[in-house]
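Below, in structure tokens: the form predicted on its own, a single chain.
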Amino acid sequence: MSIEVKDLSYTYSVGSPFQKEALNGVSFSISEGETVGIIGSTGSGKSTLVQHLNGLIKLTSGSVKVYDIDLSIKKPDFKQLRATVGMLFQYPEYQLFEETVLKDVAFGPLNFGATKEEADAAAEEAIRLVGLDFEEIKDKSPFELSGGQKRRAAIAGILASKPKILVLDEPTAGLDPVGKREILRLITSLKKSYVKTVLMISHNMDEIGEYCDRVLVMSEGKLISDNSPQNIFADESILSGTGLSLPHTARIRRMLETQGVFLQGNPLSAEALAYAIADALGGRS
């Protein structure tokens, strides 16, 4: 088991007029190799939840275990934890800060105890891994890069420390459709060859439906559903009251049903939907 969370609760600003319960009795486990989507409206507890996974928020109630690192003990090994769990925040390009791309990407390994030579080698590997031309950009300022390149450089900065778990908070936010597709393809490629487990927060239900094996649905600090995207998006009542909508593919399927066209299964990618419609109409032309 790569992640095990039991009865996790958290309250901000305890004892003040601004006290707010962010998490209430959340429990789930994630096996190594899964890609898990986390969805919910703003304020549902998604970010508070994932920030517990690498110790950015201190555990106060319940238990969290990441591989063999138990955050319930008095002094967890936060250094090992943060090397294990790589976290990419929303608009990660705003996290870029060094004078060159190479220095920025090498910062993580250096911080975790690598020599300069080891850190530079890890940074070069990560930069190439995310599809950037190492020789072309290594000495550039991160701020000279395009938006898509900045996003890739920020991902490289996480990968350079070789995490087992990658947590992505709205990884495609602010990108155009082409940029979104490129980042999602990159994440899929990394999952196959480099990172074992991926957690992805997103308000984009199409991305969650197409790229995730499982979906955790958060509402008002509680985990209200944990199931496959096919099962989650087949039952509209699960998302009722969350402020979330069905993926476009699920909405098209429902619209077709009102016209007497019934599809096999619950296709959640555009390609799968197209094949299902062709099958329903008697051919794959």
Partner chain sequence: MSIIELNNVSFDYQSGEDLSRGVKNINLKIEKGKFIVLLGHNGSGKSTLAKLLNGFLIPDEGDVIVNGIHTKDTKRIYDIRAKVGMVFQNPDNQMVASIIEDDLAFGPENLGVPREEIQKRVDWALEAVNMNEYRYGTPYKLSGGQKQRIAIAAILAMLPEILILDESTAMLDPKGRAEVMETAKRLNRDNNMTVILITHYMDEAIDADEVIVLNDGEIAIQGTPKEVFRETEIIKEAGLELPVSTQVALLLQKAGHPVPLVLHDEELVEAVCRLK
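Numbering follows the first chain given and starts at 1. Note that the coordinates shown come from a computational prediction; the quantities given were computed from them, not determined experimentally.
The discussion below concerns the form predicted in complex with its partner chain, not included here.
Novice: Run the contact test on 255, 259 and 274 with a 4.5 Å heavy atom cut-off to its partner chain in the predicted bound form and return yes or no.
Specialist: Yes: 255, 259 and 274 each sit within 4.5 Å of its partner chain in the predicted bound form.
Novice: Find the only residue in 219, 54, 249, 47 having a heavy atom within 4.5 Å of its partner chain in the predicted bound form.
Specialist: It is 249.
Novice: Could you work out which of 96, 87, 175, 190 is the residue within 4.5 angstroms of its partner chain in the predicted bound form, going by heavy atoms?
Specialist: Result of the distance check: 175.
Novice: Go through 176 to 184, 70 to 78, 100 to 108, 160 to 168 and give me the stretch that gets within 4.5 Å of its partner chain in the predicted bound form, heavy atoms only.
Specialist: Within 4.5 Å of the partner lies stretch 176 to 184.
Novice: Residue-level question: is residue 205 within 4.5 Å of its partner chain in the predicted bound form, judged on heavy atoms?
Specialist: Yes, contact at 4.5 Å.
Novice: Whether residue 41 contacts its partner chain in the predicted bound form should be assessed with a 4.5 Å heavy atom distance threshold; does it?
Specialist: Within the cut-off, so yes.
Novice: Within a 4.5 Å heavy atom cut-off, is residue 91 in contact with its partner chain in the predicted bound form?
Specialist: Residue 91 belongs to the contact set for its partner chain.
Novice: Within 4.5 Å, heavy atoms only: does residue 243 come near its partner chain in the predicted bound form?
Specialist: Answer yes; at least one heavy atom of residue 243 falls within 4.5 Å of its partner chain in the predicted bound form.
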